[in-house]
Each structure stands twice: as structure tokens, then as C-alpha cells.
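Only one chain is shown below, in C-alpha cells, and it's the form predicted on its own.
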Amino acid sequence: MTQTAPSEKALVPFVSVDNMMRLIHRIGIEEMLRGLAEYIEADFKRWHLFDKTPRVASHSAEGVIELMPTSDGEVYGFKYVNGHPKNTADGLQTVTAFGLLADVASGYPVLLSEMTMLTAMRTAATSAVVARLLAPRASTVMAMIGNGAQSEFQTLAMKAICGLEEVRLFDIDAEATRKCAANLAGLGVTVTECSSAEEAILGAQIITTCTADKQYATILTDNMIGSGVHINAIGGDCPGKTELAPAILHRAEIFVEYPEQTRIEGEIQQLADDHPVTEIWQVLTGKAEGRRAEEQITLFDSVGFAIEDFSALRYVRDQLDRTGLYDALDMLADPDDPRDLFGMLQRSRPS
């Protein structure tokens, strides 16, 4: 077989899980969360440039598989992601993901990356960007309801970006709470393990819900929520999956990423299609107000949107030259004559 080394045109940078973890530690977890937040905020401020569409979802009884595409006209990006709540019983992740960036002018991929770890980072960074806009002034305590894979990232993002000092943990699985508390030990946040959601909420200005069951659920009841709090609801992310009592939604000022997607997947699927919501990009650009009064209840009905993944991939790509934490994958055919793909094949046949 005639073998030739792939040309530079054939190689695409690939960030593996191992290299993503090395990258996070090279930069520093909190520093990278701040960097991701800056990229997400910058891209939301140029919202009008992006293609926007609800993610393409394939639902099954076990979970959902989704594609999340967008483009700013110069770079195209997409993420593949699944959500399978029962996976943990088999020792598997509930969520896995990978993503790609491509040059719009040529259509050639310019980055392929794992996004299981990166999605956790970007989700936390997005939550903190929004909390910085909407939470009461000098918020220092967060209740973290649901202590699974996202909980530590959410806590550290709120610490790095919003100045969080204490997190109050609750999960119906006490082992999950112990896991989260152990992981956060020594990272600069006071951790309090609680025996109920009601106990966790005591004294918290920010309330984050992140549970995994794919069903209508009431994690927070109306009587649990007093005035002057910010709710960061990130668990509801597909049709038929919610965490908040409808009465809370009617008392809160609701902020979303992209209404056309959130009305299908978020907490507001419980409300009328014309229920008023404010888009986060409008607050970031000054076109709409965020929190208007200390006693107000604000709710970020977060389902995750493709532009956040685009921002995260863009951030990672910008770190590769200085860190070298990637592999070059031979992904693209590069024949000597672009019209002679068959000739390239024939030159590699066994002799």
C-alpha cells in the first residue's frame, strides 16, 4: 500500500477529554469560567448576527439526543448532546457531548472537541453571567437543589463571577450531596449540607435547581419562595420536564435565552404561549431592564442555547496555539487535484 502523510489541509485540531481537563487545569477552573463568561457575554451582545433555531431533538422513552447549530456568518458551530437520566444506574453519564466549528467560507472544520466537560463549564458560566445581572445586590449565598454532575461547576462559577461565599446543598440522594460537599472542600466556599430543599433555601439569595428526571416535577413549591430572590432553573430542558410550581412563574419576572426554544422545553412550557418573557441578550445590551427592585423575584429559565456552545468552542480554539493541548486528526481528504478524489483512493490501494 502506498502511504503518504496527510497534508496540513487534512488535519483538524481535536480536543479530547484528557486534553480538555488539562486545559481547564492549565488555565485554572475559575479563570476559565470567567473567560467563558466573557465570550458568552460578547456573543450575546452581537445576537443579531447569529442564525437562531430551536435545537433539533430526537426523543425516546429513555432520553433525548439533540443537535444544536448556529453561525455568526463567518464561523459555523454545532453540538451533539444527549440527556438520558437513567444512565447513572448503568455507570454512564446522564449527558455527553461533542462539538465542531467550521469556516463558513470554505466549509472546512477548524475544531472538533469533546463537550461533556465543556458543557458543564459553559452552563455554569452562563448561569453566573445571568445571576450577575439579575440576583439581588451582594448575593453571597446560593441554595443548590440537585447535587449531580453540574453542582460543583455552578457553585464555582457563582464564586468566580458573582462573589458567592456559601452554598447550601440538597439532593434526594444524600450520597450526591456528600459527593458535592467533598469535591468543594477547600475551594473557598462555605458548604452546608441540608436535609431538605426548604432548609437549603433558608438565607439564600440565589436558588439553583438542577435535577435530572425527565418528567413534570415540582422541586420548588410556591410557599417555598419568598420575595427578593433569583431563581436559576437549569434542570428543565425538554418537553415534559419541569421543576417549578406554575404559581412561582406567575410571581416572577422571567428571563430566557431564546423564547422559541424555551417555550417548548423550559419552565414556561407550563404557561400560555404569549406569557411575557425578557431575552437575556436584551438585558446585556441595555434594550431591557434586569432586576428593578430588591423585593422582586427573578427567574432565569435556562435550557441551554447553541450560541453558548459556539462561544465555548470559540474560547477553546483561541487557547490552542499557546497551550498545544490538542491532537491533529486526519479528517479531511486532500487529493493533489481537488477533482480527483478517486485517484487519491487508488494511490492508497495495496500493492
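All residue numbers refer to positions in the sequence shown, first residue = 1. Model, not experiment: these values are computed from the prediction.
The form predicted in complex with a further copy of the same chain exists for this protein as well; it is not shown, and the discussion that follows is about that form.
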Against a further copy of the same chain in the predicted complex, would residue 90 count as a contact residue? Criterion: heavy atoms within 4.5 Å. yes
Using 4.5 Å between non-hydrogen atoms, is residue 263 touching a further copy of the same chain in the predicted complex? no
Would you please decide whether residue 152 lies within 4.5 angstroms of a further copy of the same chain in the predicted complex, comparing each non-hydrogen atom pair? yes
With the partner left out of view, is residue 183 within 4.5 angstroms of a further copy of the same chain in the predicted complex by any non-hydrogen atom? yes
Ok, 217, 104, 202, 247: which has a heavy atom sitting within 4.5 Å of a further copy of the same chain in the predicted complex? 104
Only one of 114, 253, 193, 279 gets a heavy atom within 4.5 Å of a further copy of the same chain in the predicted complex. Which one? 114
Partner contact check in the predicted complex: of 160-168, 218-226, 266-274, 93-101, the stretch with a heavy atom within 4.5 Å of a further copy of the same chain is 93-101
Residues within stretch 331-351 having a non-hydrogen atom within 4.5 Å of a further copy of the same chain in the predicted complex: 331, 332, 333, 334, 335, 338, 339, 340, 341, 342, 343, 344, 345, 346, 348, 349, 350
